[in-house]
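Listed next as structure tokens is one chain, alone, in the form predicted alone.
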């Protein structure tokens, strides 16, 4: 029986230091330093748990803080090591002792309060709409930040369609989780999510009182703030719908784990009802749309493929688009370097990890017309990387392309036959 008093550290026990995790770790591939590998970090975390290293040890903080938390090592591990659980406990212990870096404290403080992040994200959206973000994007650190904002620009090739009608049997109600960055900068993805779900037989409802999911806080070790946000979301969403639909992989991973985070029956029940949008669409079929003749590359977000273990469903959604020529490029299973606020705290390492992905996209033949991924941080990171490399390739969420396909099929035209 597992010792609950050890928290997430017990999940590290199966590690036999075989090294299968090394090729799956982006930071180890970038530095070649064993201490920046999952195997090396597990040794450090075990030493922290045993008291052989203090929580304020500079080297311990350096190597654990440099971890992206992508959990790619878990998929490569033959022993079933729960690396993510161990990292959560280690970071929580370190944060309780030394606190958060000033930059992290500032950013996380904003997203902990809706009255702060809402104006900040709204101003960012206004600036984006001036076109200046695209004009000033580039390879410098400041230019990269402009590129991230520009990558959130929606593609509006046509006027907003009429309200869609279901083209499938009724499948129940879903409550849309809006989040913070998604709600402020990716409302077009929310609208595409709503429309495609309605076409596939779901009734979409809005839920008042929801807040940021807390994933950014949880990853940084500020679990008290993450739990406070989680409790508010449980109170808002409980009993509102059959499922909670999420179109942000990072948010989805945290919300599915509410039972572990809060330890209450209500949180456990709510976590079981959380679904990525592609899971619900794949469960419905999904309805086939009209032709979209594009070359596309799909890059699965880490917290969708590694944390949620969702692999097949996004591909099933994209298979419902006639004419779409879809590929996954070498290294698609590896992190893009976004990892929440990681890019703000470790810009050099974040860019080093991203460079490999951008190089794979640049070398693709034929070149893609669009790169698809299902997480806001990944959309912004890859989009900024492509902009910095002067590659005019947009990045979009898979539901945006399905939404375009449904427009082409006429599913948003009330006169179209069912």
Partner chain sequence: MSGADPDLVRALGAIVGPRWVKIRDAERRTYEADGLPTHASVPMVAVLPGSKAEVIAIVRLLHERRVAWVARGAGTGLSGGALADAETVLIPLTRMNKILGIDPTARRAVIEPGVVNARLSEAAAPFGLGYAPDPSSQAACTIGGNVAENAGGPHCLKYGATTAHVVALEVVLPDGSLATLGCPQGEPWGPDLVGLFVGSEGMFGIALEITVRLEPVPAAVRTLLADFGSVRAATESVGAIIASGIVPAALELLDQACVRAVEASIYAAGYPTDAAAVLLVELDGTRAAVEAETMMVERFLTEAGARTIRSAETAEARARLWQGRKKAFGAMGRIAPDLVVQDAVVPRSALPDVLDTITEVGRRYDLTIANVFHAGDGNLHPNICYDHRDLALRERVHRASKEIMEACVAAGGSITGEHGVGADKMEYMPLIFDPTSLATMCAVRRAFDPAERANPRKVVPTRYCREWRPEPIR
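Everything numeric here is computed off the predicted structure, so don't read it as measured data. Residue numbers count along the first chain shown, from 1.
Note that the form predicted together with the partner chain isn't included here; everything after this is about it.
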**Message:** So, a 4.5 angstroms cut-off on heavy atom distances: do all three of 16, 47 and 76 pass it with respect to the partner chain in the predicted bound form?
**Reply:** yes
**Asked** Hey, in the predicted bound form, is residue 409 touching the partner chain, heavy atoms inside 4.5 Å?
**Response** no
**Item:** residue 363, heavy atom within 4.5 angstroms of the partner chain in the predicted bound form
**Value:** no
**Asked** Looking at the partner-bound form in the predicted bound form, is residue 351 within 4.5 Å of the partner chain by any heavy atom?
**Response** no
**Message:** Within 4.5 Å, heavy atoms only: does residue 167 come near the partner chain in the predicted bound form?
**Reply:** no
**Asked** Can you pick the one in 388, 43, 370, 66 that has a heavy atom within 4.5 Å of the partner chain in the predicted bound form?
**Response** 43
**Item:** Among the candidates 80, 163, 239, 265, the residue which, in the predicted bound form, approaches the partner chain to within 4.5 Å (heavy atoms)
**Value:** 80
